[in-house]
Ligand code: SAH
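Only one chain comes next, encoded as C-alpha cells, the form predicted alone.
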C-alpha cells in the first residue's frame, strides 16, 4: 500500500488542517485539553464562514489562535489574477505555497431566453435537488464553480491546454477545497453557490484520495453543505476510479465521462488513456455505476473539426450509449494554440446534436463561456508568470 492510499484517511496525522472533518479536529483539540465544542467552532470558521487565518477567528482565545497558526492552519492559496468576461463568467488564477498556479471558474447559471437552447452548464431539472431550493436561494442567481484537482494533467488529451506540459503535481484536499472557499467569498450578495463541477485542471480520479476527501468536506452539513447531487466529477475514463467513486459515494455524486469519440481508433488519436481503458470497458463501468433513480450520467463530447464531428460519429455514439441513462453535453472545443485543432462550423454542431436527439437522448450544447478570458481550462494559468520567490 502506498502513502497516497493512506494519507487522507480519517484520523491520519498527514491530513492538512483545512482538510480535517470535525471529528478529526476534536481529536487534535482533546490532546491539548480543549473542550469538544471547539472542534465545531473551528470547522464552522473554515468551511461555513471561509476563514482560514486563525487571527480572524475572534471567538477563540489568543493562545489557541497562536497554537493553530503554529500547527499549520493558514491560507493555502491566494489570488493571483481575476478575470471577468462579458457573460459574467469569472476565472480565478490562484497561487499556491510552492508558487504553482491553478484555475477555478465561477459560472452564473442565468436561464436561457425562450428562443435559446438550454445551456449544458445549467442544472438538469431531472438531476436537480429540490430539497435545496429553499428560501435562501429564492431570487438569487445560482452559481456553478468549476474546480481543479491537479497542477497540470498526465492524461495528455490532444486538444486540452491543462495537460500541455504534463502533470506537475497532485493538489492536496485543502488546496482543492480552498478554491471553493475563495470563490464563494467573491460572490455578489445576490449570488449563491449551488453546484460544483470537478472539471478543471487535472484528472480527478488520478488524484482520488484527495478528491474524495474534498467531496466529503464540500458536502459536510456543518460546512458548505452542498448536496452530493449538485456535484459532478469528470473523468477521462479511469475505470478503477469510476468503480471506486460509485462504491464510496453510493452513486450520489454525479459522474461525467469525457468520451470525445465513439470508436477506439478515433479516441486513441485524441485521448491517449484510451489505449489503457478501452471504450467497451468504460461503458461497462458506466452500466455498473450505482445510479440512483431519476438520475442520469453525463457524457462530455468535445467536437473537433474533421476529427470526431461527422454524422457517422454521432450515429456510433448513439449506438454506444444505448441502454444507458445519460445526457450528452456537446462542447465545440475552445481553440488551443498548441493542439492545432479547431471547433467545427456551428451548422455541423447542430446536425450532430440532431442525430442524438432523434435517437432519444437529451443532448445539450455548452455555450463557449469566457472565450475572451482563455476559457479552455489551463490556458490562462499557462500565461500567468509565477510570483517572484521572496526568499531570493
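Note that the structure is a prediction, hence the values are computed from the model and not measured. Positions refer to the first chain, counted from 1.
There is another form of the same protein, the form predicted together with the ligand; it is not shown, and what comes next is about it.
Work out which of the listed stretches, 100-108, 275-283, 198-206, 315-323, brings a heavy atom within 4.5 angstroms of the ligand in the predicted bound form.
Looking at the other structure, the answer is 198-206.
Is there a non-hydrogen atom of residue 300 within 4.5 angstroms of a non-hydrogen atom of the ligand in the predicted bound form?
The answer is yes: residue 300 has a heavy atom within 4.5 Å of the ligand.
Considering only heavy atoms, tell me if residue 160 and the ligand come within 4.5 Å of each other in the predicted bound form.
Yes, contact at 4.5 Å.
If we define contact as a non-hydrogen atom of the residue within 4.5 angstroms of the partner, is residue 334 a contact of the ligand in the predicted bound form?
Because a heavy atom of residue 334 falls inside 4.5 Å of the ligand in the predicted bound form, the answer is yes.
Looking at the partner-bound form in the predicted bound form, is residue 235 within 4.5 Å of the ligand by any heavy atom?
Yes, residue 235 lies within 4.5 Å of the ligand in the predicted bound form.
Only one of 211, 194, 258, 308 gets a heavy atom within 4.5 Å of the ligand in the predicted bound form. Which one?
Selected option: 258.
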